[in-house]
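Next comes just one chain, in structure tokens: the form predicted on its own.
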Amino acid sequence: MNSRPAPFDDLDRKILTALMANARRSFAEIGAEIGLSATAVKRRVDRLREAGVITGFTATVKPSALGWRTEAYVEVYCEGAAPPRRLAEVVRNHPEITAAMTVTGGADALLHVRARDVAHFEEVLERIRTEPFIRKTISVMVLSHLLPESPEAGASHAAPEEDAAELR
């Protein structure tokens, strides 16, 4: 497997910039902006997808519209050396964890958690802490997003259905 980035030129960069700003733009609109035909833009997008440069197209949604009103980052500290594979298995069991990564520094992992409210967040935290290899967690609640247009400010799935009636 080749770990070098896929080669692409300035036109590819312009296409990527346009799609990252608004993935719903048509190939014709992008082409008119950068001086290519819609067909040429489509061929380049297909090539970028095949090369793994473009990994998907998603909608960014206001989290509170989906029932997520509380957000936090949780540092996870493990007993011994918990392999990333084991941590990945654990976080997949919690739909409230929207992102997870291993990190350098004192913590072993950093989790991005969304919850309906503080009580729900506390329940999620308690579930995470039941894992036998987790020694401790440190949480930081998000008060506001300084870059509201960033992907981290949006949500990728709705809150659990059990309290959906309360939101209506």
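Residue numbers here begin at 1 and follow the sequence given. A quick note: this is a predicted structure, and the numbers were derived from the prediction, not measured.
Not pictured, yet referred to below: the form predicted together with the DNA.
**Q** Can you pick the one in 40, 141, 138, 101 that has a heavy atom within 4.5 Å of the DNA in the predicted complex?
**A** Result of the distance check: 40.
**Q** Only one of 51, 61, 118, 28 gets a heavy atom within 4.5 Å of the DNA in the predicted complex. Which one?
**A** For this set of options, the contacting one is 28.
**Q** Does the DNA come within 4.5 Å of any heavy atom of residue 36 in the predicted complex?
**A** Answer yes; at least one heavy atom of residue 36 falls within 4.5 Å of the DNA in the predicted complex.
**Q** Is residue 44 close enough to the DNA in the predicted complex to count, meaning some heavy atom within 4.5 Å?
**A** Yes, contact at 4.5 Å.
**Q** Do residue 11 and the DNA come within 4.5 Å of each other in the predicted complex, heavy atoms counted?
**A** Residue 11 belongs to the contact set for the DNA.
**Q** Exactly one stretch in 109 to 117, 28 to 36, 129 to 137, 51 to 59 has heavy atoms within 4.5 Å of the DNA in the predicted complex; which is it?
**A** It is the stretch 28 to 36.
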